[in-house]
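One chain follows as structure tokens, the form predicted alone.
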């Protein structure tokens, strides 16, 4: 391991400047880091195409032929170096726009070279620009041809000679120095045999310089499995150790408050999914270990009632609860809805946000500290030092991905002697592969059905030529007593985006929907909080019929009477955003509609997004499509998770490998949680060497 732990600056040709660049640009510090900088594609040098074929079908290609003498064309900044490559079938033009003198000094006219690059047509002529050139190998045969690795690099590294060819050269230098002892096996033999995986040393050599397509596929499968397996092993060990070591408050009393609420105050029947989740939470709360549970449920599925019933169990056992939301609007909504649900039960609920100051804030803090308040609802303000609980037993965070690790940890310090039970809620559907990776050490509950009587929202894609029909439809809905949201992606005109923005759109709506017959609310992110609250309250109280807004209402007030969601320039929104916005309607018994407006200029991805919205209301199906389109690192809430650090596994493609890895890891943890069996010692050593006994992102601690 000593060689792999050495700084890359110890390698020949990698001085201080290049080593510093590798660290800052790619996060590569040691020789081992460099070895794990895997290729992202390969140049298939087993397939040399004829120049005639390439001229007929321009594409990225590898050709071989004799190089002609060089010549320069053009003047000043348009000056370029030209040469031709000839084989028996034809001639291909090669062009270099820069580094002409270097190219002339390296390549010899009259010699045979392979050229690799993209063939493009320019002024009727097929041209390969800045090709990768290599001399023909002596006694070249098909068996000697290979798959050349292509590595990601940056402009800064390329200028220092560390483009894909430079990195390839480093790999050719490193690999011969790697004895089997330097790449010890990390996975037990019985697992390798069971899944027909190659050894680690063989896989690492092959991933950089594969000799065949089959060998490459086996190496990729092995390294992907290893990466996902250790990730799952770490998460499951963390969960096991927490369950064994972290004592939790025992809430074994199901008393007066919960029973009274269930029998007298619950305004509707619980769905089977809600009942199942409440049973899971009750089991956790009574087990004597700290609960760490993720509650997933689409917008409108009834998570708030489940959270309230968990809080009532805490209250029946003499403990306070807090519910923390990412925005003041959402905190206000939770506060109002919980107050309405428990009216008449004698339960005291406090609200704490940044805008609550003076005497009101002072009294809330006092009542919380002396135990007068049973529940506290708030924003990040709840996490501040002056906030002291009398007996905090349950901490609930809504849309927890908007809170940093340090912020969530602050809640732990507010409970003594044990940490509070933790319930994490999200209305952002998370694909199974992502949930296993981000939240793999939490227990997961899913509310996968909507309350009875809810009609699925009808979603349609309309083009600009239906604008007058849209206004007519809005008037029909308003005449029937309904309310309408109109959402825009931008607040004001952008020089770069030709979008119908909120200001222009508002002007058009005001011309069409004249006062006093129609009243319009306007809400956007640049308004003061008090003005936003007032406008939302006017809409909630039915003083206005139309709410013109930006995505600030994505997580906002619950308005059961709003039945139409119009999303302008819908192609500019991500899938999860579109789904969240659609969730603002369909909360009452009436048929609701979501109309996606577009000018018709759609990219392939945008078309898939909008067609997906029209096809399904299933949040998990939508999340799966979103994952495939955008990848895990771009999905909201995953940027802190570390999964963008996966070096070879791809959650969009490797769901099956992930599931297998988790199953195998779970069996090992169940049988040998301390990894003390002889066959598990390599696992323990690898976790320790890679410092993976650290806290995962989803652990609130």
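Numbering follows the first chain given and starts at 1. It should be emphasised that the depicted structure is a prediction, and the values quoted were computed from it without experimental measurement.
The following text describes the form predicted in complex with adenosine-5'-diphosphate (ADP), which does not appear among the structures shown.
- Listed residues 269, 194, 212, 99 were compared with adenosine-5'-diphosphate (ADP) in the model of the complex; 269 is the one with a heavy atom within 4.5 Å.
- Only one of 166, 90, 302, 117 lies close to adenosine-5'-diphosphate (ADP) in the model of the complex, with a heavy atom inside 4.5 Å, and it is 302.
- Proximity of residue 298 to adenosine-5'-diphosphate (ADP) in the model of the complex: non-hydrogen atoms within 4.5 Å are present.
- Among residues of the shown chain, residue 282 is not one whose heavy atoms approach adenosine-5'-diphosphate (ADP) to within 4.5 Å in the model of the complex.
- Contact annotation for residue 276: none of its heavy atoms lies within 4.5 Å of adenosine-5'-diphosphate (ADP) in the model of the complex.
- Contact check for residue 454: a heavy atom falls within 4.5 Å of adenosine-5'-diphosphate (ADP) in the model of the complex.
- Considering adenosine-5'-diphosphate (ADP) in the model of the complex, the lone stretch of 360-368, 148-156, 504-512, 303-311 in range is 303-311 [heavy atom distance within 4.5 Å].
- Using a 4.5 Å cut-off on any heavy atom, the one residue of 574-590 that reaches adenosine-5'-diphosphate (ADP) in the model of the complex is 587.
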